[in-house]
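Here's a solo chain for you in structure tokens, the form predicted on its own.
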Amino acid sequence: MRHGQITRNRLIAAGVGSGLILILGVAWLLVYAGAYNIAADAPHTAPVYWLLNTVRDRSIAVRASSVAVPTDLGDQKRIADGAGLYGEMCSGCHLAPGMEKTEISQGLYPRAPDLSKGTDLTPRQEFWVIKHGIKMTGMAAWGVTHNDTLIWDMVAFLQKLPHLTPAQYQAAVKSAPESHEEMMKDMPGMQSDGHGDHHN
């Protein structure tokens, strides 16, 4: 009786192993054949869309959980500097109050969120996304060229953006420093200034 049970267990294990090999083989053939359409004008199937969104959201939440948020996000200079950065770097994809959809915003897939309508992300999650970017979305890793101070300036402005009228947005951008290159001149290097996270 015991020998028969062992035999059955071995047969089950062999069947499971064969099934996995078959699934992997079929998956590889589909990949190699280019069966899945990755064109930006062909939306994902519902299961793939759910899977990618879930992977993205959990990845951001876990990695951003240890980010230390500075206490001066409400500082007016920080918000003003962030307005200039947003106008230069972000509005083309993420739009702004009163702004029509741009050519690039219409062509992106997945669509970049309209940040003038707010976001579900926390400030620490916004910081992480801006700094590290998101693979295969068009979201750049701005931490490669911008230090943590500038990224937190953008986060500070994002807290105000959904509450601005088109006129207030335009005024905020016009009153900001001429360009973020000017702001970067006085900043030492591109390393963390102590306000950022500890992930590489």
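All residue numbers refer to positions in the sequence shown, first residue = 1. Fair warning: this is a prediction, and the values are worked out from it, not measured in the lab.
The same protein also exists as the form predicted together with a small molecule; that form is not shown, yet it is the one meant from here on.
- None of the heavy atoms of residue 81 is located within 4.5 Å of the small molecule in the predicted complex.
- The closest heavy atom approach of residue 139 to the small molecule in the predicted complex falls within 4.5 Å.
- Though the partner is left out of this view, residue 124 does not reach within 4.5 Å of the small molecule in the predicted complex, counting heavy atoms only.
- The small molecule in the predicted complex is approached by residue 108, whose closest heavy atom lies within 4.5 angstroms of it.
- This chain lacks the partner; the member of 134, 68, 61, 51 within 4.5 angstroms of the small molecule in the predicted complex by a non-hydrogen atom is 134.
- The candidate spot formed by 99, 164 and 171 is out of contact with the small molecule in the predicted complex: none of the three has a heavy atom within 4.5 Å.
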